[in-house]
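Listed next as structure tokens is one chain, alone, in the form predicted on its own.
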């Protein structure tokens, strides 16, 4: 097998609580992550040379060493040099559909697809847990992207506890192409403004992270109560992002005022905003109303749905 194509799905946050600081400089988090059907296609090809090549038609996606997909190849070459020696270099072709710099783990899910693709091309036989451990060295969101579905994420986001999968829940997703929010700056700003409220003791951090397992939104997920899920969503980073980005606030307020929307929230550090809708027809109607109210070509709008899995193989090219 010389090539493999994988479907790399985006994620949204249904819940994001910042608990405190960690000794490694990251934040201690309690989150609920959810895969959605919006996805990139990532083709992983063996090369006859020892090069690493990244190709992507999207102008905002780098194709050099700064791309996390490139770093994923470098990681596999380092960890499994015999596979590299046997099969040679790797070419990655990314067909980008997930908005860039959107708080949707687009880069992370590409990296996860690359790790899984190389594992399959090189016949390494890695387990999902082993892939997750490798992915955690690249970024906090990467481990979730492999299995996807619905999960509680704690630590810096890499410690996962699966929940019963949510699916066929439709959402409208909105993001301005030209608008980016720096995740590190968003967290730094939150620390500067709200750091005095952080949980300080390690035992208290552990207890607080564990408490999300019995929280109201988890109960709603267990009962697949869509209205309750929508009403219990929460994101600490909205406190610092919404006041600084009026376009993001406008999207959130517009969604909140539309019939058929059960709940709305910014995903991750933004600037994407999503709205949970009653059904697909309502989602399409909400999308149309937002497009009519904001006829700006810079605004991307998607109707998609929650889905119960992450990375999948699309096809093999022998």
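Residue numbers count along the first chain shown, from 1. Quick caveat, the model's predicted, so the values are computed rather than measured.
From this point on, the text means the form predicted together with a small molecule, which you will not see here.
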{"item": "Interface membership of residue 187, the small molecule in the predicted complex, 4.5 Å heavy atom rule", "value": "yes"}
{"item": "Proximity of residue 27 to the small molecule in the predicted complex, heavy atoms at 4.5 Å", "value": "yes"}
{"item": "Heavy atom of residue 183 within 4.5 Å of the small molecule in the predicted complex", "value": "yes"}
{"item": "4.5 Å heavy atom contact, residue 156 to the small molecule in the predicted complex", "value": "yes"}
{"item": "Options 206 to 214, 124 to 132, 138 to 146, 82 to 90; stretch whose heavy atom lies within 4.5 Å of the small molecule in the predicted complex", "value": "138 to 146"}
